[in-house]
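Form predicted on its own, single chain, as structure tokens, below.
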Amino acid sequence: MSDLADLRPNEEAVELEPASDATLRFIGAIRTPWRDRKDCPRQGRLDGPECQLVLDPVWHNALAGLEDYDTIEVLYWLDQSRRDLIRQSPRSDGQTFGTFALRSPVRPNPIGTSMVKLVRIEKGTLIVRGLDCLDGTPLLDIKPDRCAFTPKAPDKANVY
């Protein structure tokens, strides 16, 4: 996804070797109304359109208990994003920021994360509001909202 001709004023890209040091397992796909990045919201809104997290059947039983949460965290792979920018100009005005100071989808490891409202679960498909990714985006993981989560495992002894 690297095209040096596609840089905005003052943006900076680096030459990268192909990534080969990690393997991720996609657990499904995300269905949204957005087919083109220019139409996709910058940040999802909890009053945004209903979207679907379509899990592969092998993961359906992993959803047990998730219905107890109003808000969940969704992690996804931004497969349409370039990965080589180290400085970006989000406003295309020449002012740049380091990639790690932005929530841009353009990152060395394009992992997206959204806190979304869980509307309902229907046979392995989660209906949610609050996403900001393209239709067909690979789904990496789903977690309960960390603020609402109570650990299920026993307490650990102080390890410090």
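In this text, residue numbers run from 1 along the sequence as written. Not measured: the values here are computed from a predicted model.
The next section is about a form of this same protein that is not shown, the form predicted together with a small molecule.
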Heavy atom within 4.5 Å of the small molecule in the predicted bound form: which of 41, 49, 108, 98 fits that? Just give me the one. 41
Report whether the minimum heavy atom distance between residue 124 and the small molecule in the predicted bound form is within 4.5 Å. no
Check whether residue 78 has any heavy atom within 4.5 Å of a heavy atom of the small molecule in the predicted bound form, and answer yes or no. yes
Would you classify residue 118 as touching the small molecule in the predicted bound form, given a 4.5 Å non-hydrogen atom cut-off? no
Is there any non-hydrogen atom of residue 53 lying within 4.5 Å of the small molecule in the predicted bound form? no
